[in-house]
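Shown next as structure tokens: one chain only, the form predicted alone.
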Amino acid sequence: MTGLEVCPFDAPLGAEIRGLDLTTPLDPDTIEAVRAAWHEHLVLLFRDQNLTDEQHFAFTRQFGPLDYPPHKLLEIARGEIDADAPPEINIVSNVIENGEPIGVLGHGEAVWHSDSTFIDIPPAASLLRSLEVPESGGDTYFMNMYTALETLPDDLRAAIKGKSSKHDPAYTSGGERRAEYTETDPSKSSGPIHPLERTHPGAGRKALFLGRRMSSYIVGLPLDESEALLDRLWDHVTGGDFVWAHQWRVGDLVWWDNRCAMHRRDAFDPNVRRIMHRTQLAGERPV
């Protein structure tokens, strides 16, 4: 582990990992040190990493099995594609080539969310690296959902104890409704049921697990009571001091824990290119 430094941010979560070249395999001790830092700090930043896609895949595999990109996970859940093909790089970009987008999400804002909670087994982590970024805009924000849960008022913590919510796939992380989902009553919509308090399998801590606000539903409640309780939960998390903001530079790789950290993104100038490549680590059923 020669040269490895874990440098926590002055923020509710996050740390920069220095002294590693991610283009080469890590030794077992270094892998475990990085894994421990990930579990402790939830989000890790690696600067100045000039990775190919294959090196990005290889680095990710050292920490567990790869998962599919979000749009493929949704297609698999709907039975539209075969899950036997190997996962590919997920391109997040606003760039248009030959009249077609080369990636997903475009230039708009991405609202607070956890990735792919609309499937039974969401990914454990996303590892996003920057290839081209604008000088301003497109910042990504991460929220500590351990602290969000631990700071809930006592009555609100009691109100969600033992409860679960439905994670409807009808909306994208940009807040847009997918055309194939027409049910507007979240109590009747499709989607898996996940606990509102999720226990992290590696850290053993409980985190608030919300997914995203649009069309969520707390199982077993009348719709108006579910909406009111969800509004209180989201007012708490978005109004609290649980966030670290990252301004991207080329060569950054940011790795976040999808089980205990939500994220969002600022919009940016649509005339400026932004290209990011992402891998994901396979997760486990939320409990």
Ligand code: OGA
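Keep in mind it's a predicted model, so treat the numbers as computed, not measured. Residue indices: 1-based, along the sequence shown.
What comes next is about the form predicted in complex with ligand OGA, which does not appear here.
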Check your understanding: Considering 133, 125, 92, 160, which brings a non-hydrogen atom within 4.5 Å of ligand OGA in the predicted bound form?
Key -> 92
Check your understanding: Taking ligand OGA in the predicted bound form as the reference, which of 198, 166, 113, 107 has a non-hydrogen atom within 4.5 Å?
Key -> 113
Point to revise | Interface stretch in the predicted bound form with ligand OGA - options 182 to 190, 203 to 211, 113 to 121, 71 to 79, non-hydrogen atom within 4.5 Å | key: 113 to 121
Review point. Honest question, do 248, 256 and 265 all end up within 4.5 Å of ligand OGA in the predicted bound form by heavy atom distance?
Key: yes
Exercise for review: Answer for residue 172 alone: is it within 4.5 Å of ligand OGA in the predicted bound form, judged on heavy atom distances?
Suggested key: no
**Study point:** Interface membership of residue 140, ligand OGA in the predicted bound form, 4.5 Å heavy atom rule
**Key:** yes
